[in-house]
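One chain comes next, on its own, written as structure tokens: the form predicted on its own.
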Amino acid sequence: MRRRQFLQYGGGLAGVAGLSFLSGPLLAQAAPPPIEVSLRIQEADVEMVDGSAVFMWAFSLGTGKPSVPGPVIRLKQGQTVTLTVQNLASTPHSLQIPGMPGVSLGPIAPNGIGSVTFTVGLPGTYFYLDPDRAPLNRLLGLHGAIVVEPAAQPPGSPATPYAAGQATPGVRALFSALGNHARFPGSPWQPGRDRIWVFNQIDPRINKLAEAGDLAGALDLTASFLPRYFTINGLSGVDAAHDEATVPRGRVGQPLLLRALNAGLATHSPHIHGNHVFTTAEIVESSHAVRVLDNIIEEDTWSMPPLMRRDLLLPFAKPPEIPDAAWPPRQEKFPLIYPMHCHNEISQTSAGGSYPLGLVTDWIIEGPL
């Protein structure tokens, strides 16, 4: 019998931090060097917000701690990547990056290894996931985020998360206004200033069947999916609201890019208090390719159907409900803490009713401009 790891439901965040070295040094290089990324797939018992544990599959970076979602991988456009996956689970698994043609490997037998070498495509936010027995393997933990950054920023133009030929006039206008318009005083957006929000939902009945080896029964049960846990970066409720890797933080005038992905089966409607957001990119549903938008709309709630990926600019502007004459606030001291929660009411609960221990977190304004 394989010895299974027990994961407290914050494990994914360690994975996020563990790959941060992939982003900073690469930003300044016009010709990113080739890299190798090694992932492992293994079985785990994952702790929910109420202390119960469910069976899941989890990715780890090499011999690092497995996590759900898997560790964030940051790449550069045009970079040559050799991706190796070792399957330590007792069932075959595969890996795919939807929207990035040619990046698919598997099925990988138990104790087997698969590998693929590819050139990184257009900048944006992507999933890596196990597409087998869809949506079962993805739903039970085999998913993570890939951030692709531009190979270089065009000289004399504002930095954006996208390649020069990919950014639309609307995106260029929005990022040009940051720090240069009365609506957005402060600084331009800084490459790498982002937060990744991976949503998922868990129906423990499905996990229990998979643990018992009844994968056909588990897949059939996804047709009557009844989630009892709703997570963001593997966390729920107060755990997510106190997690530094999840919570956007900064002063007024320090815009941040939210990269939202929904790995689950429920459609979410995230709503953010204190500021509105601007959707800059989403996916083409038929191909899962990144589509950079031109008609940029200011929103306070956005839709996240299953497998959707969206980039949204959080401007970190002065909250509009605070009058100019009362700014900066004198009675309520900094930091100002605002919630993000889903407007689908059931997603605010866990274990069938514990409120508000579902899909909720905070974002924090640390001080004025």
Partner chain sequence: MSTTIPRPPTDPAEYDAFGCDPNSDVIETPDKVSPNIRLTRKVHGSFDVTMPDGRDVRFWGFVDPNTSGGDRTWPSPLIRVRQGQIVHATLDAAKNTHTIHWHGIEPSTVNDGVGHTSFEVSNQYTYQWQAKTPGTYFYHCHKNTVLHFEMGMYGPLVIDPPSGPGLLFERHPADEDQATDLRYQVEAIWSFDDVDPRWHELNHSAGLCGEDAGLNRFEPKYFLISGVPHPRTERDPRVIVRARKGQNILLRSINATYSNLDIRIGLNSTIVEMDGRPLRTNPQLGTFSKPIPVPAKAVTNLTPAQRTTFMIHNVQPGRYEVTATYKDWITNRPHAAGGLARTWIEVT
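Keep in mind that this is a model prediction, so the values were computed, not measured. Residue numbers count along the first chain shown, from 1.
What comes next is about the form predicted in complex with its partner chain, which is not displayed.
Heavy atoms of Val49 reach within 4.5 Å of its partner chain in the predicted complex, making it an interface residue. Although the partner is absent here, Ser286 lies well away from its partner chain in the predicted complex, with no heavy atom inside 4.5 Å. Shown alone here, Gln86 lies farther than 4.5 Å from its partner chain in the predicted complex, counting heavy atoms only.
Among heavy atoms of Phe230, some come within 4.5 Å of its partner chain in the predicted complex.
Contact check for Thr80, Glu149 and Ala152: none of the three has a heavy atom within 4.5 Å of its partner chain in the predicted complex.
Just one of Lys208, Arg193, His271, Arg251 comes within 4.5 Å of its partner chain in the predicted complex, counting any heavy atom, and that one is His271.
Contact annotation: of the candidates Asp214, Asp220, Glu244, Glu298, the single residue with a non-hydrogen atom within 4.5 angstroms of its partner chain in the predicted complex is Glu298.
For the partner-free chain shown, Ser303, Lys318, Pro319, Pro320, Glu321, Ile322, Pro323, Asp324, Ala325, Ala326, Pro329, Arg330, Gln331, Glu332 of 303-334 come within 4.5 angstroms of its partner chain in the predicted complex, judged by any non-hydrogen atom.
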